[in-house]
Ligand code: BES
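Quick setup: one chain, the form predicted on its own, written in C-alpha cells, and binding and motion questions come after.
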Amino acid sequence: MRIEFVPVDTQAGATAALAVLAHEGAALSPEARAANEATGGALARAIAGGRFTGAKGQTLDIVAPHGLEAARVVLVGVDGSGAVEPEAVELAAASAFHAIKTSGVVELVLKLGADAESAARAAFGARLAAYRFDKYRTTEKAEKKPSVQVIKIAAADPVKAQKAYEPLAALADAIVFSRDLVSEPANILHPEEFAARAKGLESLGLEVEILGEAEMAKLGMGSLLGVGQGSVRESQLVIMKWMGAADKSAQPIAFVGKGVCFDTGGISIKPADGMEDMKWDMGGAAAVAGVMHALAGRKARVNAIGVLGLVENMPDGNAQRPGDVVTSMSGQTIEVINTDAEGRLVLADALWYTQERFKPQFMIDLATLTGAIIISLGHDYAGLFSNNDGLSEKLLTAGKAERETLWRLPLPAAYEKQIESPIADMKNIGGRPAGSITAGLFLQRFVNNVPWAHLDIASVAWKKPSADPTVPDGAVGFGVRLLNRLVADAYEG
C-alpha cells in the first residue's frame, strides 16, 4: 500500500473513496459541507435517513451521489464540535480505512485535517489500520482481501506533511515488525530465527550481538538456560545497541524483553485448549526489538540498549523438572516449583546481565508474564511494577498519550515470604494469591537497585477482538509506541 500527501483540492476519482469528518450530532466538517453542497444536500439526506450521529469512530459509507467525482463517500464521526485533535484524526483515518477496505475501491482520499501534523497522523492511523498478517493464506477469496492500494492524504502543504510523517513512518515500520514477530507460528520463529531477524536490523544502524548457549553458560546464566534445556532449539541472548546521543559514551537506557518463542509449560504442561496462543509468549521481546527498530529508524538522539532473552519451553527427556534448583548469573539460587513460571527465570539472567554490563540509567522489562494480570486488569491495561516513582510517572504519562495504558501495582515487602524456599535463595512461584505481584518481587531481586520498571503485558499483547481501529485482531505490538514516546519526551538530548 502506498501513502501520498496531496493538495487539498485533490479529487477522489472514479475508483476512489473520499473520507470526511462529521462531528458528534452529525454536524459536518468544512470538507464534508463542501461535499454535501456539491451533491445538492445528498450527504445530509443520507444522514437523516439513517442512524449516523457522528459519534466517535462511527462511519457512514455510501455510494457517491451525483456531483462528486468519487466512487464512495465515507463520513467518520469525531467527538466535539470544534478543532479536531491529531489523535482523533489518527483514529478517524483508521476507521475510514476499515469502512471501505474490501469495498472494491483501490484508492482512499482522506480529507480529515489539512495541517501538517493532522495529515501525518492520518497517514499513521491508516498505515496501522492496514496491517494484516496474511503470508500463509493461499486460498482466500478475492472479495475478502483489501482492495485499497493507495491512500492519499489532503494537506495544505504536502511537503511539510511528508516531513512530519517521517518519524511516524519509522514508528509504524517498527510496530509492523513487532506485530509480524508475534504473529509468526513457532515452527518458523524459534529463538535462532528471532535472533536472525533482530540481526537484520543492523541495516538501520543498530549494532546486534548474539550469545549462544556456550557463551551464556560461561556467564553463569543457569536460570535462563534451564528453561530452554528441553528444546532442540538453542536458546539465544540478543543484545541490540543504538548509540544515537551526541556523546556515545553517555550512560544508556535499557529495555529487556522476555522471548519465550513457544511455551508449552514444560513438564508443568499447560492444558491443550488455547495452547496455540503461546506462540505470542515472546511479545515482550518483540516489543523491545520494535522500540529499538523505532529509535534507529527515526535516528533518536539517545543511547539505548535492548536485550532479548529467547528460549523455547518444551517437555522432553532433558527438560527442567519441578523441584530442580538452578543458579542464576547473579549467584542467587532458585528452586523451580513450576516450570510454567519460566519467563521470570529468563528475565532474571537477562536483567542481571544488562545492569552488570551496561550500567544503564534505568531498565524496563516487558513480558507476557502472568495470567493473573488479566484477572486483575482485564485486557485494556498492562501492569506496571517499579522501584522508582519518577520512572513510573513517566511511563504512565507516555502510556496515556499513546493509548497503551498502564496501571501501577505495589511491590509490598511483606509478600516476599511467598517466594521463600526451604532449600534455595528463593522459589520461582509464590502461589495463586497476588501472582503478578510476587512475580514482580522475584524480578526485583535481579535489578541490583538500578531504577527499574516491569511491564506485565500478558493482558494486552494480543487482542481478540480489538476495539481500537489502529490495532488488529491478533498481535498488537504493545509497548513500541509507549516506549518510543517515553524516550522522545524524557530522554533524548
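Nothing here was measured: the structure is a model prediction, and the numbers come from that model. In this text, residue numbers run from 1 along the sequence as written.
The next section is about a form of this same protein that is not shown, the form predicted in complex with the ligand.
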- [ ] Please determine, with the chain shown alone, which of 49-57, 442-450, 31-39, 458-466 has non-hydrogen atoms within 4.5 Å of the ligand in the predicted complex.
- [x] 458-466
TODO: Indicate whether the ligand has at least one heavy atom within 4.5 Å of a heavy atom of G371 in the predicted complex.
DONE: yes
Task: K101, heavy atom within 4.5 angstroms of the ligand in the predicted complex - done: no
Open item on the list: Contact with the ligand in the predicted complex for N338, defined as at least one heavy atom pair within 4.5 Å: yes or no?
Closed with: yes
Task: I429 within 4.5 Å of the ligand in the predicted complex, heavy atoms - done: yes
Task: Interface residue in the predicted complex among K400, R132, K163, K270, criterion: non-hydrogen atom within 4.5 angstroms of the ligand - done: K270
Open item on the list: Can you pick out, from L201, M278, M329, V176, the residue that has a heavy atom within 4.5 Å of the ligand in the predicted complex?
Closed with: M278
Open item on the list: Given a 4.5 Å distance limit between heavy atoms, list every residue of 257-275 close to the ligand in the predicted complex, or none if there are none.
Closed with: K258, D263, K270
